[in-house]
Ligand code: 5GP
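Only one chain is included here, represented as structure tokens and corresponding to the form predicted alone.
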Amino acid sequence: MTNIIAKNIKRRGLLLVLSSPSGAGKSTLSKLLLAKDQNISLSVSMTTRIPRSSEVDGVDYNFVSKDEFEHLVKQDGFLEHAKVFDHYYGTPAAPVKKAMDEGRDVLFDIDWQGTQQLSQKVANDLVRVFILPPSKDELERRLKNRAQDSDDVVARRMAKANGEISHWAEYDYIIVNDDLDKAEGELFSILQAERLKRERQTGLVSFVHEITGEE
């Protein structure tokens, strides 16, 4: 019996974006995917706000001064950035580009506004996935059951949900998270299929030449 040795073909990494209304399961699916696949990592945003006691610099966020942040903005050093209340948040371009050049994928847990900015900068490398709840009642139930927010905050999140969901058509894939195991499987299948796209496998030409013996 002949042993077949799998060959790793060089490829360019991709940017996988997950967006959803709060409570639809985006963060849970992100954690499951990161635990399952070692070749994708979560993008670490930069922010000007002060770290909370539980947060680690370089892991949860890269914490910088307002001057440092604004300097990077002037240098066009962000893939996307925004001001939220009194603080700035953004995705530095350099580490993301380095990961893609090395064939590693980057996961983004961001909203539709950040996704639109990414689309303007790196559209060809972007894979956009929107997570929908099975119903509005189920979305509200999940928000209440996780017991992280007051009734007032839950009401505000529900009021905001329609506006967030209205951007679903801007995404490449839609997953209805009615069953977590099923949704996780669908997300992983999307990632695997996108990795196999011809244009992302930059080593294909030399690999095919190796098979055919052509120069």
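We number the residues from 1 along the sequence you see. The term rigid core refers to the most C-alpha atoms you can superpose between the two forms while keeping them within 1.5 Å. Source: prediction; values computed, not measured.
Quick note: we don't show the form predicted in complex with guanosine-5'-monophosphate, though the next part is all about it.
Student: Tell me whether Ser20, Ser45 and Gly90, taken together, all sit within 4.5 Å of guanosine-5'-monophosphate in the predicted complex, counting heavy atoms only.
Tutor: The answer is yes: all three residues contact the partner (heavy atom, 4.5 Å cut-off).
Student: Determine whether any heavy atom of Pro133 comes within 4.5 Å of a heavy atom of guanosine-5'-monophosphate in the predicted complex, and answer yes or no.
Tutor: Taking the distances in the predicted complex, the answer for Pro133 is no, it never comes within 4.5 Å of guanosine-5'-monophosphate.
Student: Heavy atom to heavy atom, is Gly114 within 4.5 Å of guanosine-5'-monophosphate in the predicted complex?
Tutor: Heavy-atom contact with guanosine-5'-monophosphate at 4.5 Å: present for Gly114.
Student: Find out whether any non-hydrogen atom of Tyr61 is located within 4.5 angstroms of guanosine-5'-monophosphate in the predicted complex, and reply yes or no.
Tutor: So Tyr61 counts as contacting guanosine-5'-monophosphate.
Student: Examine Ala123 and determine whether its closest non-hydrogen atom to guanosine-5'-monophosphate in the predicted complex is within 4.5 angstroms.
Tutor: Ala123: no contact with guanosine-5'-monophosphate in the predicted complex.
Student: Can you pick the one in Leu107, Ile110, Ala99, Leu72 that has a heavy atom within 4.5 Å of guanosine-5'-monophosphate in the predicted complex?
Tutor: Contact check passes for Ile110.
Student: Report the residue, out of His167, Arg156, Lys31, Arg49, that has at least one non-hydrogen atom within 4.5 angstroms of guanosine-5'-monophosphate in the predicted complex.
Tutor: None of the other options qualify; the answer is Arg49.
Student: If we check guanosine-5'-monophosphate in the predicted complex, which of the residues in 166-188 reach within 4.5 angstroms of it by a non-hydrogen atom?
Tutor: Nothing in this stretch is in contact.
Student: Could you tell me whether the Cα atom of Ser166 shifts by at least 2 Å between the shown form and the other one after core superposition?
Tutor: Shift of 2 Å or more: no.
Student: Quick one: core overlaid, is Asp37 moving 2 Å or more at the Cα between the shown form and the other one?
Tutor: No, the C-alpha moves less than 2 Å.
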